[in-house]
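Next up: a single chain in structure tokens, the form predicted on its own.
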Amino acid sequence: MTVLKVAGIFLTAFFFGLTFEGIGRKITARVQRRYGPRWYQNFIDLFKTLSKHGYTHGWIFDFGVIMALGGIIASLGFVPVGGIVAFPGMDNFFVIVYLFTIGSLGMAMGMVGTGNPWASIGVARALTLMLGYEVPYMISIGSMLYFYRTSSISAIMSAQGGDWNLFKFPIGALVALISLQGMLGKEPFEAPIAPAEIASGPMVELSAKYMGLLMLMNTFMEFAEISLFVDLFLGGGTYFVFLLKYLVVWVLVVLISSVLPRFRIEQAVYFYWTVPIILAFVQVFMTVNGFVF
């Protein structure tokens, strides 16, 4: 039964993750007064890249890419998706965050192994940006975990009922949404890739099947991160209700990304360590003193 649940989560992330990405590309194009690609173009790109033989830079490069994808896949397996909990009692927030770091470190290892300076700069920016958004994100989520006295995602979902944490912890939800924008690498926090500045950063040395694996990793990562937001702040829900909430959050992220310019890396980190972190501490103060809506 566990195998079927895990398969259901991965298939959901694969199909709806790529589909919503295609819808996001379409929305971005229309906001910018372009026509944009078809919604299923991501499926074509993924299968085309995976079918080709790419150039490798050695076993460290190969292992890094596999480690990055494996870390994200492991993280996704513990995230409740539309009422599907693959590992009941083990869907711990801290376990998921820990497994996320494996994916990030794998990507860093693989890209540094290429020897390309643009890839190394992109990875350095990604890790630096992580120091920016992780601090306010963990503080805001930590206040919620303190309130519920548990770090189980499914337990927090059940405790919400019809009263979402979006309304109980509005400041924390705002901080989490701002942090989510950075986690997804969307403007104004697209510093790690910055195609006009550092030649696409980590992606510069990836081609063919390696690019396909990176696209798959990015899809799973986006699905896991947005799913966490939906579970923690919007109460999760049944399968189709969950997907509807996911789509609403994704469209909001895409719309914000479509109309904002990109921060420089120092501007992005400075921003996260000022406004969001102050708001996160305000949420902690309110939670500890019982000021919960």
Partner chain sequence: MDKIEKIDERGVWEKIADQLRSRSMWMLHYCTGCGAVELPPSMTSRFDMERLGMGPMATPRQADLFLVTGYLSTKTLRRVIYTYEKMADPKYVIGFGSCTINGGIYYDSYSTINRLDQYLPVDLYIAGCMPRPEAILNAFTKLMDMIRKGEADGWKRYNENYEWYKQNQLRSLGEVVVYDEFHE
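Since the structure is predicted, the reported quantities are computational estimates derived from the model, not experimental observations. Numbering follows the first chain given and starts at 1.
The next section is about a form of this same protein that is not shown, the form predicted together with the partner chain.
Only one segment in the set 211 to 219, 79 to 87, 163 to 171, 176 to 184 has any non-hydrogen atom within 4.5 angstroms of the partner chain in the model of the complex, and it is 211 to 219. In the model of the complex, the partner chain sits beyond 4.5 Å of every heavy atom of Thr238. When the partner chain is considered in the model of the complex, Asp62 lies well away from it, no heavy atom lying within 4.5 Å. Shown alone here, Ile156 lies farther than 4.5 Å from the partner chain in the model of the complex, counting heavy atoms only. The partner chain in the model of the complex comes within 4.5 Å of a heavy atom belonging to Ile44. For the stretch 254 to 293, the set of residues having any non-hydrogen atom within 4.5 angstroms of the partner chain in the model of the complex is empty.
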